[in-house]
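Given as structure tokens, the chain that follows is alone and in the form predicted alone.
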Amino acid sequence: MPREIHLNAFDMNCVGHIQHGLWTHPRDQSCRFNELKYWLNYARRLEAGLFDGIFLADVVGVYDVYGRSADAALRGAVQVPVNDPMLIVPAMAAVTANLGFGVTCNLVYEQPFLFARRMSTLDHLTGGRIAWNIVTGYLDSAARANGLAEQARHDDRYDLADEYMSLVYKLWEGSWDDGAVLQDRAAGVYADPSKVRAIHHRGAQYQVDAMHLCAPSPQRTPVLYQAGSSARGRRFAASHAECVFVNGQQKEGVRRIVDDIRAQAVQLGRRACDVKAFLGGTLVLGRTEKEAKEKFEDYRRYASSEAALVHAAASLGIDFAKYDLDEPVDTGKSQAIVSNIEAVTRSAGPQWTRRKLLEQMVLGSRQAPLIGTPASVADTLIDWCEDTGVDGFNLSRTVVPECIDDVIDLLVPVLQERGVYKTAYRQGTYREKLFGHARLPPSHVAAQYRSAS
């Protein structure tokens, strides 16, 4: 029996996210990102299409590597301006009943005690539909904005993240027992003090003595996403992640990353099926091949090469503005997204140039679009799942809302006919819908912090 394919909308609370320049298309509505109604309509659409969730990216700096200035990012709306992704979640949850919400938060700049409270609050308000995409950042501009001269080294950020996770696990999993809340009106007792305890954390980075301020939420710990595919990132994912987000143009590379993370997870006492993998994807759909190609060519006219290079420069840690079109690019020892350097090298070869990079950016990003009819695209998605072991796809937007409507109206029915897409939501929390249980399983590293009672 074929595995069920999971779909997330991959977006950001900004104008230009992945496919840069397409905000200039006359039918695109992403400039309405400041309007709450825009997000409410978006959430309703996704739930009507039985999407598993909306995965919200975020950055807390600006892209100023290209030309050593943020000017090009501002001109092209390259993820700036960008609003807080957490604040739109309760509103979207209020108009939906099943849609999950994955929120990217950079732990390097989040005080863990207060962050744990915000996530528990969101889990309560959404009825157990919140997920956290754990990131450690890659922008020096974000470090400077938060009082640092520059960001820490790549692997050092993951060392900090390991301690951070142990601290928030103590708060989410160990501070309150499940039976602590009594709500006994007659006795005038709301919570049993004997079932609530302060946690005591003494680490290299953090010292906390406090009880968690929130009573246990439906999931306690949010569903945990992680997107690092470097060697250190994979080790972190094997320990913590329930869902991993991978990118790549070649199946062999994606399969290798997914297999490695699951193998490491098994070595840590988890099951391979405890880790679901989502592949980044961009779809351009048409009822016929001709219609799909015409739509792609229409979109392509609005793509911005400069904006694409601005984003790539920041995520790769390389200033492409200083290189001629065919001049070899020195990757050096980047402290940005190491897995992105590795992915480009796999696709463009060990010696790549601006020209080679631009050849991949047909719609304003390095993510090559999948163009075709619902039947042909469905075949390709199924093949990717079978050949690489991924469980689903994070679909980035092109021209909104029509790109989402195309998936819902054209692709979803075909996937359902093939028996690889749900026809109704399962009951329960986000984690229950994905894994069949509301709380993290006993094999997860967080379980060690649970109260013995």
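All residue numbers are counted from 1 along the displayed sequence. Predicted, not measured: the structure shown is a model, and the values here were computed from it.
The form predicted together with another copy of the chain exists for this protein as well; it is not shown, and the discussion that follows is about that form.
Site residues Leu87, Asn146 and Ala215 are all in contact with another copy of the chain in the predicted complex, judged by any heavy atom within 4.5 Å. Checking 356 to 364, 219 to 227, 87 to 95, 247 to 255 against another copy of the chain in the predicted complex, the stretch whose residues place heavy atoms within 4.5 Å of it is 87 to 95.
Taking the partner from the other structure, another copy of the chain in the predicted complex has no heavy atom within 4.5 Å of any heavy atom of Leu325. The closest non-hydrogen atom of Val62 lies within 4.5 Å of another copy of the chain in the predicted complex. Taking the partner from the other structure, another copy of the chain in the predicted complex has no heavy atom within 4.5 Å of any heavy atom of Ala321. In the predicted complex, Gln183 approaches another copy of the chain with a heavy atom inside 4.5 Å. Taking a 4.5 Å heavy atom cutoff to another copy of the chain in the predicted complex, the contact residue among Ala70, Leu50, Cys385, Ala43 is Ala70.
When another copy of the chain is considered in the predicted complex, only one residue from Asp330, Glu150, Glu297, Asp209 comes within 4.5 Å through any heavy atom, namely Asp209.
In the predicted complex, the residues of 90 to 120 lying within 4.5 Å of another copy of the chain by at least one heavy atom are, in order, Pro90, Ala91, Ala93, Ala94, Tyr109, Glu110, Gln111, Phe113, Leu114, Arg117, Arg118.
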